[in-house]
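Okay, so here's just one chain, in structure tokens, the form predicted on its own.
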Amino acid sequence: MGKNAAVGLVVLVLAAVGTGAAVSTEDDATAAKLATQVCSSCHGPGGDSTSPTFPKLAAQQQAYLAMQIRTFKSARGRNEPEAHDYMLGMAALIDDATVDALARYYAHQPPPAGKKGPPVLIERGRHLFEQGSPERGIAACASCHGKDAAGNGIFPRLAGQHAPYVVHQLKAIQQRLRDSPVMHGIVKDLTPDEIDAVAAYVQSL
């Protein structure tokens, strides 16, 4: 689906369901229609995307999803090209109640299955994820994202995420295309090989 067509469909769905509903069940109905009729074209049914360009949203942390959609709405903090190409126009049309309902919808979807990769690469990624590299000042990813990479609040779920997407986002943070000061300080010294290893590990979970 092209960007203009997707934006048009967002408008139609919101107009059909209503955007100012005060009752949460109505907000949930709006979110479910958007997720099914619009968001699924990129993020897959139930948020289990098949394309590494688009992140898996299924079972993602609700607080993190709401924060990211609002970041897209504000047009600040997400400056990687894909954010502009796919999300900014659509997120701007969604009101706050629907943002919260969309986040709630995806947070309650079944978690995506992991995808195995090269065992040596995954083991290296596991070590970095769980222990970091203290001698280089690199904190363990698990300290925020949890040992099982399920995330916590504003710290996103990484388990089962597409490895190429994780690689792309870590590099975007390194290059300050994503406004994430805490993460930048943690990942700024990761090498490309280490980024590949961490991405392969979380994808396997």
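So that there is no doubt, residue numbering starts at 1 and follows the sequence shown. These numbers come from a predicted model, not from an experiment.
The same protein also has a form predicted in complex with heme C, omitted here; what follows describes it.
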Exactly one residue in L177, A140, A150, A29 has a non-hydrogen atom within 4.5 Å of heme C in the predicted complex; which is it? A140
Thinking of M90, H145 and I186 as one candidate spot, does heme C come within 4.5 Å of a heavy atom in every one of them in the predicted complex? yes
Answer for A63 alone: is it within 4.5 Å of heme C in the predicted complex, judged on heavy atom distances? no
Please check if A83 has a heavy atom lying within 4.5 Å of any heavy atom of heme C in the predicted complex. yes
Check S49 for me: does it contact heme C in the predicted complex (non-hydrogen atoms, 4.5 angstroms)? no
Going by a heavy atom distance of 4.5 Å, is G160 a contact of heme C in the predicted complex? no
